[in-house]
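Before any questions on binding or motion, here is one chain by itself as structure tokens, the form predicted on its own.
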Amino acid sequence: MATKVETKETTRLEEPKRYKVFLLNDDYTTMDFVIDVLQEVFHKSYEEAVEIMLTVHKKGKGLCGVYTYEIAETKVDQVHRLARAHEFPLKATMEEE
């Protein structure tokens, strides 16, 4: 007579790493353009966009959001494409959280 042995398999899912996306200050990009980028790329309200823009202006960089790697990479690319299209040197970076 065979004995039935039940095994329970558990799978541990790890949360994906998260990345902070920052805008960096420069001396040429207009504040209005930074606000537009924050609203368009990061879906910030006007008030949030102004607050982040002022942080970028005063402190050199400002946090725009925290995303998975692929989304953060896409946001950085969108910022750079928009900036180039409007002839601004605005840069975005991402850092692991």
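Keep in mind it's a predicted model, so treat the numbers as computed, not measured. Numbering starts at 1 and follows the sequence shown.
Keep in mind that the form predicted in complex with ligand TYC is not shown, yet the notes after this line are about it.
- Shown alone here, Met31 lies within 4.5 Å of ligand TYC in the model of the complex, counting heavy atoms only.
- At the 4.5 Å threshold, heavy atoms of Asn25 reach ligand TYC in the model of the complex.
- At a distance threshold of 4.5 angstroms between non-hydrogen atoms, His57 is in contact with ligand TYC in the model of the complex.
- Proximity of Val41 to ligand TYC in the model of the complex: non-hydrogen atoms within 4.5 Å are absent; the residue sits far from the partner.
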